[in-house]
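Before any questions on how it binds or moves, here is one chain, the form predicted alone, in structure tokens.
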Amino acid sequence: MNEPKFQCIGRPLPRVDALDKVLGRAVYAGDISFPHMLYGKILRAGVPHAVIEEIDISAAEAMEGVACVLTARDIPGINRYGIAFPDQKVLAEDKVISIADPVAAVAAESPELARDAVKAIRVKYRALPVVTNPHEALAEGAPALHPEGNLFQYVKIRKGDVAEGFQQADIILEDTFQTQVQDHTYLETESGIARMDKQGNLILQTVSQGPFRDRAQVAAVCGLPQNRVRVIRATVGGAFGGKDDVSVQVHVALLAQATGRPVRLVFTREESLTTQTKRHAIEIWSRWGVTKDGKLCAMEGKVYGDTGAYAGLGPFVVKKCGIYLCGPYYIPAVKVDIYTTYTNNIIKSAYRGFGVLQASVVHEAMMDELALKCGIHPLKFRIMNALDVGLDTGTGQVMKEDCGIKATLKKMREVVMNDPTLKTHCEGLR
């Protein structure tokens, strides 16, 4: 028997964190506590777009057991954060552009008291027009949600002569697709605990996919050098990209810094669903051309990504959706325009697949329809048009090594043809 060539690949390896999680011994950020610990809570805007005319925190501050109530004026550093682009306000100042915008933060002796203190804060808003989708965001006269406008990023992809490609096509199909917002719905909601040590260093234990990014953002907001901030990543109870962005980190750090006591902040499921990052809703128009013998010859598309009120990692997600709109197929001529827009919706950011899933909805649906129009079995049609060594992708990258798609499809064909129970699916596969 031949031994595997590698130490890891091809060998069964145990998950080092599995046993503690299965037996309930794993310690999550929400499980950590310290003596004299306070509990944090955030007041959210609750309105999608409005001017803040007044914030009255007097009733909350007067409540016995409330250690502090913070607004934007109490931030010692910069009132900005963001995983890639610092376009988010830690606490709203003059206006809000999402129902999820934090307006104030409270630390109190119990979770119930923190909740009641948040309810006691009074905010007076003056409503502004709401932008709900990319087309409204790009329309002439639309309210600008950020100083630079509502179009965060425009990217174009050009390969070959698309007009000539469609002239060669015997069959042309076009359609518009709309994917939906999706929540990560991890079992563990966003959580963290912060404290100051005796030397005045800020220690943050939190659920995170990027502790070094967290440290940089927390330090800037708290007005501390990065070497005075330590981020310890607690056990992560699911993430899938949703814990890339800052969630509780900056607010729980500010509360600990302001009170000098440990503060724990754990989001409820409702807070997680209504305020944290989501998978992008993307609208995609696409047109595909194919010859009557089944060879793809041209594709064009327009991708409209709603990244919500803030960028997050959205521009990279939406761009990747456009880049992968061809799928794993060879198309000689490609034209794609990609728009990433701000709206008043909840922020969208990383989610497993990172834009490729939205693109796959389009290219696989179009491949099925084109195969049907050509009278070719859809699996055979895919094999005929699959990327291979020497061919280039929609962005012109030449495949110098096999990308695996053709071998995978051929293996699928082999399995189908050799399985008697799938005999009805074999017609046209040979």
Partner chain sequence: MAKDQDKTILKMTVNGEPVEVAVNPAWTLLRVIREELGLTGTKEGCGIGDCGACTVLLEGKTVNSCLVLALQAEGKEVRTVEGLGTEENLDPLQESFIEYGAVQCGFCTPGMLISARALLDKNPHPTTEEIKVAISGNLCRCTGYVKIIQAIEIVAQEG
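What you are looking at is a predicted structure, and each value in this text was computed from that prediction instead of being measured. Positions refer to the first chain, counted from 1.
The form predicted in complex with the partner chain exists for this protein as well; it is not shown, and the discussion that follows is about that form.
- In summary, the region of this chain contacting the partner chain in the predicted bound form, judged by heavy atoms within 4.5 Å and restricted to 120-128, 164-172, 247-255, 350-358, corresponds to 350-358.
- This chain is displayed alone, yet in the predicted bound form one of R269, K292, H135, H146 has a heavy atom within 4.5 Å of the partner chain; that residue is R269.
- Only one of A142, L202, A216, V236 lies close to the partner chain in the predicted bound form, with a heavy atom inside 4.5 Å, and it is V236.
- When the partner chain is considered in the predicted bound form, P111 lines it closely, a heavy atom lying within 4.5 Å.
- Taking the partner from elsewhere, R80 is found to have every heavy atom lying beyond 4.5 Å of the partner chain in the predicted bound form.
- For the chain shown alone, K410 is not a contact residue for the partner chain in the predicted bound form, no non-hydrogen atom being within 4.5 angstroms.
- Interface residue remark: F240 is counted as part of the site for the partner chain in the predicted bound form, having a heavy atom within 4.5 Å.
- Residues from 177-196 that approach the partner chain in the predicted bound form with a non-hydrogen atom closer than or equal to 4.5 Å are H184, T185, Y186, L187, E188, T189, in the order they occur in the chain.
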